[in-house]
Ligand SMILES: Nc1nc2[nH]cc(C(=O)O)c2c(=O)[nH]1
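Taking the form predicted alone, here's one chain by itself in structure tokens.
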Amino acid sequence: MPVSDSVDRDGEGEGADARDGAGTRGERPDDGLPINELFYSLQGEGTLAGVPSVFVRTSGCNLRCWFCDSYHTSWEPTHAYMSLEEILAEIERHDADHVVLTGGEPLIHEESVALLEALDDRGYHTTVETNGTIDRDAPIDLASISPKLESSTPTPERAPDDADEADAEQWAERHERDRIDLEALAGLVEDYDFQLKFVVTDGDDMPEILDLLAELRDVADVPIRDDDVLLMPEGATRERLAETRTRVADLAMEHGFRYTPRLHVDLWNDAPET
């Protein structure tokens, strides 16, 4: 199993950050980030699948995918604040050259830039997993961009079982409004080495993916190759992946895109800190 540093805590209170809806716990350092998990594992997705990495998972997100596989960073955000010094000390405990900053949506936090700068100074390779709605100026080695499709929007019929009905209705409108930001997407692909990683359920998702790629190619000042596009099966459990993976692999071959597994799900199912 992956190695956990057990920094995740239950959030307390009703105080909410206006950017992300995350509750707070304890003192917030001036340079701190709300950390849900910090652990050592294998990268499970994308072009670096299989690479040993330290994962820094921040809490809080500006979207609410109904199938979110990190529920406690979005629908029910929980975290403990850690200072930049504390985060770096935990990372340095592990024998890894790669660090993955993930969430939630880590780029909603301005303090993520300082962390990425510190990691760059120390020679780490950094991947940032982002939904593509925020573009920040930071040293990022790989922007792993996962634009959210219409099929990710929560509805009363498709929302997490534990989600409050009124909360789900509110987020349905906000999520649909904010899930695609073409300007931010273009900035990310222009500024960084990138991969576009789409969560796909079935062939109904493909027209939207193809339309978005066409729009992005029109506005971006860099080429976006089919090889930069990865299709990833929707599913946070082995059982769900068994339903989606073959049809998504077939779609990747049909359209000339890359297929990416969810290695961590194959290995550890839906266990936390993977």
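Note that residue numbering begins at 1 and tracks the sequence as displayed. If you're wondering where the values come from, they're calculated on a predicted model, not measured in any experiment.
Beyond what is shown, the protein has a form predicted in complex with this ligand; the following relates to that form.
Undergrad: In the predicted bound form, which of 41 to 49, 245 to 253, 223 to 231, 210 to 218 comes within 4.5 Å of this ligand (heavy atoms)?
TA: This holds for exactly one stretch, 41 to 49.
Undergrad: Can T102 be called a contact residue for this ligand in the predicted bound form at 4.5 Å between heavy atoms?
TA: Close contact exists here: in the predicted bound form, T102 approaches this ligand to within 4.5 Å, heavy atoms only.
Undergrad: Of 245 to 274, which residues get within 4.5 Å of this ligand in the predicted bound form if you count heavy atoms?
TA: In sequence order, H264, T274 come within 4.5 Å of the partner.
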